[in-house]
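Just one chain follows, in the form predicted alone, and it is written as structure tokens.
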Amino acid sequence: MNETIMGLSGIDWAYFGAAVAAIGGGIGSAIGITLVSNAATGVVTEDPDKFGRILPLAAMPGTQGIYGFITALLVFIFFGVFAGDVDIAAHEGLRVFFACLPVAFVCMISGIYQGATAVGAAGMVARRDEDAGKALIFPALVETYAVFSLIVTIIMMLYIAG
């Protein structure tokens, strides 16, 4: 198949979607982890014993990067990239690209906001160590939407690969 859309072949579009998902999730995670880690560093500096309670808050925004990575892997698995010479129709590759967008955009935004929410939660742990479990709930609420975007992306890819 030599057809293209805007100069890109089907596999080019699929790779583009995989890259956008991995990049979006990675950006969101990197920014989110940076935000909460800055606050967590201050808490742990004041009380090193709180490290274990703060660490899950600092790690939580990292899941969005994982979801972007999973999406990229699914593109490679579902569309035969690991099988060698791959040739999918341009319109099919464009569909894969669009299927990657929920994870790309939602994980980028939710990773940042999860980090911002975890900053407040870190402040809660700094003041009330016994509320560390409660503090995890607030950033976990933001996580819900990243999970939803991954589910939507997987359902779309299953339908396309179908």
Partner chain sequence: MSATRAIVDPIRYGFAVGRVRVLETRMLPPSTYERLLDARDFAERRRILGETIYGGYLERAHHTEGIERGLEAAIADLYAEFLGRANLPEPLVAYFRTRHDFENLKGRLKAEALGIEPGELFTRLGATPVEVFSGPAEGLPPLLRAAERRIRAAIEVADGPLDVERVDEAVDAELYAALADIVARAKSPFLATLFALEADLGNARAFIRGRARNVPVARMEGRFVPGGRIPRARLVSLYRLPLAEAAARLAATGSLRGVDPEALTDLERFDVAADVHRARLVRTSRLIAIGPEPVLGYVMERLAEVTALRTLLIGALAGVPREVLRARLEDVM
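Positions refer to the first chain, counted from 1. In this text, all values refer to a predicted model and were calculated from it rather than measured experimentally.
The form predicted in complex with its partner chain is left out here; the points below concern that form.
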Pick from 130-138, 89-97, 57-65, 32-40: which stretch has a heavy atom within 4.5 Å of its partner chain in the predicted complex?
32-40
Considering only heavy atoms, tell me if Tyr113 and its partner chain come within 4.5 Å of each other in the predicted complex.
yes
Taking any heavy atom pair closer than or equal to 4.5 Å as contact, tell me whether Ile70 reaches its partner chain in the predicted complex.
no
Report whether the minimum heavy atom distance between Ala126 and its partner chain in the predicted complex is within 4.5 Å.
yes
Does its partner chain come within 4.5 Å of any heavy atom of Leu101 in the predicted complex?
no
